[in-house]
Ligand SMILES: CC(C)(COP(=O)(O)OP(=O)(O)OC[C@H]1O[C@@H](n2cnc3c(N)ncnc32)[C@H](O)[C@@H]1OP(=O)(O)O)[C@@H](O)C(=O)NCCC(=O)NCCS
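Next comes just one chain, in structure tokens: the form predicted alone.
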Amino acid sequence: MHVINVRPETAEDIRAIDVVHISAFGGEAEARLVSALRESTTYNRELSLVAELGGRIVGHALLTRVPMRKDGTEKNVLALGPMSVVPSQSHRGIGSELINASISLAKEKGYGTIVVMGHPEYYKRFGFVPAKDLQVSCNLPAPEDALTVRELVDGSLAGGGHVEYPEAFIELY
């Protein structure tokens, strides 16, 4: 059995990461999103994780610093996404490894919250809860219940707020 190795991306990984997203999503939108985020001021290569299996990159998860605003105050939270695994390697725990590594990394870097736009049932397994339950909303034109959040620091979401995803995410929707 091969061991899944999760590590930060390197410049040499960029093409392989694009291939992961294109194959997982059946199009180039997510790969273009990752490229656009890479060019942004909030991009941090340390927060971009790849999963290797047998020396091949088979998964990718990106954390992006985004502002959460409430009553004139602002704090940075991390948005997880896109996160994908090549279809031929799905159901091997690669996505779980990437999400758990992302959560650990976010804690290590001192972030209090992760937000994710995705399948709520899937992310619930990792401690994510419906954002609306904590009065958290966002600017993406997506169903309200697709947004989930996870507090990494108790009370980091006290009072809720509005997450402002960058333009590149909005274009995806």
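The first residue of the sequence shown is number 1, and the count goes up from there. These numbers were taken from a predicted model, which means no experiment stands behind them.
Below, we turn to the form predicted in complex with the named molecule, even though it does not appear here.
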property: Answer range among 18-26, 147-155, 5-13, 160-168 for contact with the named molecule, defined in the predicted complex as heavy atoms within 4.5 Å; result: 18-26
property: Contact of V136 with the named molecule in the predicted complex (heavy atom, 4.5 Å); result: no
property: V85: touches the named molecule in the predicted complex, heavy atom cutoff 4.5 angstroms; result: yes
property: Partner proximity in the predicted complex: Y43 to the named molecule, non-hydrogen atom cutoff 4.5 Å; result: no
property: Non-hydrogen atom contact P130 with the named molecule in the predicted complex at 4.5 angstroms; result: no
property: All of H91, S96 and Y123 within 4.5 Å of the named molecule in the predicted complex, heavy atom check; result: yes
property: In the predicted complex, the residue from R69, H119, K107, R56 that sits within 4.5 Å of the named molecule by heavy atoms; result: H119
